[in-house]
Every structure is written in structure tokens, then in C-alpha cells.
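Heads up, the chain below is alone and in the form predicted on its own; it's given as C-alpha cells.
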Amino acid sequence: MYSKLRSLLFALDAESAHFIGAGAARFAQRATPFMLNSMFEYAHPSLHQELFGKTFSNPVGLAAGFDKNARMIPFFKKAGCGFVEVGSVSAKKCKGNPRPRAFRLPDDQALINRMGLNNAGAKAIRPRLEKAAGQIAFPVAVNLAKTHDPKIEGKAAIEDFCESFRILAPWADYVALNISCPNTAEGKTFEDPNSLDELLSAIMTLRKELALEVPVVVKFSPPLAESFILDSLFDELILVCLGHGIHGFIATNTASDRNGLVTSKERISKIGNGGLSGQPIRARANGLVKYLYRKTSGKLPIIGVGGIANAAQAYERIKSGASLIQLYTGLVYQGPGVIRDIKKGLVRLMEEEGHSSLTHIVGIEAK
């Protein structure tokens, strides 16, 4: 079914297709809830986990970037996701970069985007997040990023993060800090030990002042494709996170390089800058999950994202150390039915190997 719809959507540019798809999802979540449940429903007790103090009915979630403004939460719940992460959200409303700013690479099963953190802003998104809060066995998280404005830097950038946290954290089941977004105009991130230390100090202090127990996780960029030997700078970032009592990690964000593509260099040159997602970053995203699992002795939950489009790839990421996985590019190419397919495939793979629970396989290939 989705293959026919995809041919129509792929006749449009990537952003227009996403806009139409999002509109259809918003219509469907209001008009046909029973049909959605019958199309996508699949549950199995072996997929249940307790993480971040919450119950996850299954490990398959929606990655940040797909539902920036928290308008499709009911759809993805009915489509079978175990959780949703909305955003990235910034303190101030952002239009993002000029169009075109999203591109498909079908030969690579990949996307490139330079959306520029377009979102409605924290105050506009708060009532939508508040409405979704407290759902049983369906955590709803928010991904925070710095407002897309090169004039906001230094202490102002940290306060920008804190403003979003103050507004949205009370209604989130976990808060993800997008310290590595490559789509800002100035190209700067918080993936520097000193900058990250200042940011986490401010966020965790604010969390305490607000008397919140919401878990805070940090999202990292993928390593370079040439090697999984991560330098001492990355180890410093992990130590900074652990020193501030961070509750988990997300690996990974999109990549700013163009390593491992089969799409022609001419096509890539015409597209220009942007974050690369999908199959080309799968191996290094998987490698980073293993690295984080080993460095933390498996004591903190890791959310794996990047190049997951089927059950085998999800199973690989979980065995590497991810307790949860997220989809974005895989949804674009496979459609929402991939959520059910991955869940069913995970159960089948566990049964074939004699495992009765997802928790039994997390990190078994990283040790």
C-alpha cells in the first residue's frame, strides 16, 4: 500500500511530501482511530521495558525532526510506536533556512536536510506536550536545541536552552539535549567539553530548582566513517555527562560529511550543506552505541538512531547496546508499516535465539 503512495510522494520535493504526509497523519488520527489500530496494532510482552522510570510497551520510537511541532503524537501512538520524541524545539520560533532544504538520496536510502531548526517555539508547543503528558506506557519526550540565531551565543545560548527547558520539561517523559545539530547558521555546537560542562551545569541546576525528576539525555554526532577509534575529546564529553548525572544518551544525530555515498558527486555538490541521515551512517551509529555502552558499563539507557529500516538492523542496534531505537529516514522510505514489521521481526529473532525478553539482548555484542 505505501509503495503506491510513496511513488506519488516521491514525485514531489522532500519537504512538500513531508508536509502532505504530516497532514494526512493529522487527519487520520482524528478521523479513523479504529482503522489505524487494526492496520498497525501489534504487541508482545517480550518487548516491554522499564526505562527512565517509565514503561515502554516496545522499543520503537519516532526520532526528533519528524514531528517538530508535536502535532502527530496520537497518530504515531496508534501506528504502534512505543514512544515519541518531538522537536527539535527552540526557545524562540524559527522559520529555518530557505527552501529547498530537504533532499532524498534514493540510491543510498538516505536524506540530507538543512531545515535550520524550523519550529513554532517552546511556548506554542507547550500545550500540545501538556495534552500528551501522562499517557500510560507511551512516553512522550521533547528534544531541545538552541534557537537558530548566530547572535545567540555563549551565556545567551545557555539561557536559550534553559528557557526551553523551563517551559517544556515539566510535561516531558525525558528531555533530549541536541548539542550537536549541524543545521544552525553559525555551525557551532556544544560538542566541546567546556561548553557542554557549562550547559549541563545550568540545565541540571534548573532541573533541581524546578523540583523536576524528568530524565535528561544527550544526543551526539556520529564519528567519522573512516574509524571507530574515537579520540580523547569524545571521552571527555562522556565524562562531563557522567559528572553531571545525565540519565542516558542518543546516538546519533545526522552527519555533516558525505562519506560512503553512491549518489553521484555532481548531485551531492548541487545539494550542498546539510545533515546526512539513513543507511550511510548506520555502521558508525551502531559503532557509537557500542562505544557508549562499553564506556558506561551498560548502566545508562542508550537510544539508537541512524540507518534503522528493518528488524535485523534494529536487532543489531539493540545487541550493540541500545535499549530503544528511533526511526526517521526509514519511515520516509518504508512508511509507517515498518513500525509493526520491526516489532514482529524483533520477537521472531528473539524466539529464534531463545530469548524471552528484550532486556536479555541489550548490549550482548558490545561486551
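One rule holds for the numbers: they count along the sequence shown, beginning at 1. None of these values were measured; they are calculated from a predicted model.
The same protein also exists as the form predicted in complex with a small molecule; that form is not shown, yet it is the one meant from here on.
Review point. Could you tell me if residue 65 has a non-hydrogen atom within 4.5 Å of the small molecule in the predicted complex?
Key: Residue 65 belongs to the contact set for the small molecule.
Review point. Does residue 140 make contact with the small molecule in the predicted complex, using a 4.5 Å heavy atom cut-off?
Key: Result no; residue 140 lies far from the small molecule in the predicted complex.
Practice item. With heavy atoms only and a cut-off of 4.5 Å, decide whether residue 56 touches the small molecule in the predicted complex. Key: So residue 56 does not count as contacting the small molecule.
Check your understanding: For residue 339, is any heavy atom within 4.5 Å of the small molecule in the predicted complex, or not?
Key -> So residue 339 does not count as contacting the small molecule.
Check your understanding: Hey, of 22-30, 294-302, 328-336, 40-48, which bit sits against the small molecule in the predicted complex at 4.5 Å between non-hydrogen atoms?
Key -> Careful reading of the contacts points to 328-336.
Exercise for review: Would you mind picking the one in 223, 274, 278, 215 that has a heavy atom within 4.5 Å of the small molecule in the predicted complex?
Suggested key: It is 278 that has a heavy atom within 4.5 Å of the partner.
Review point. Which listed residue (157, 115, 196, 175) meets the criterion of a heavy atom within 4.5 Å of the small molecule in the predicted complex?
Key: It is 115 that has a heavy atom within 4.5 Å of the partner.
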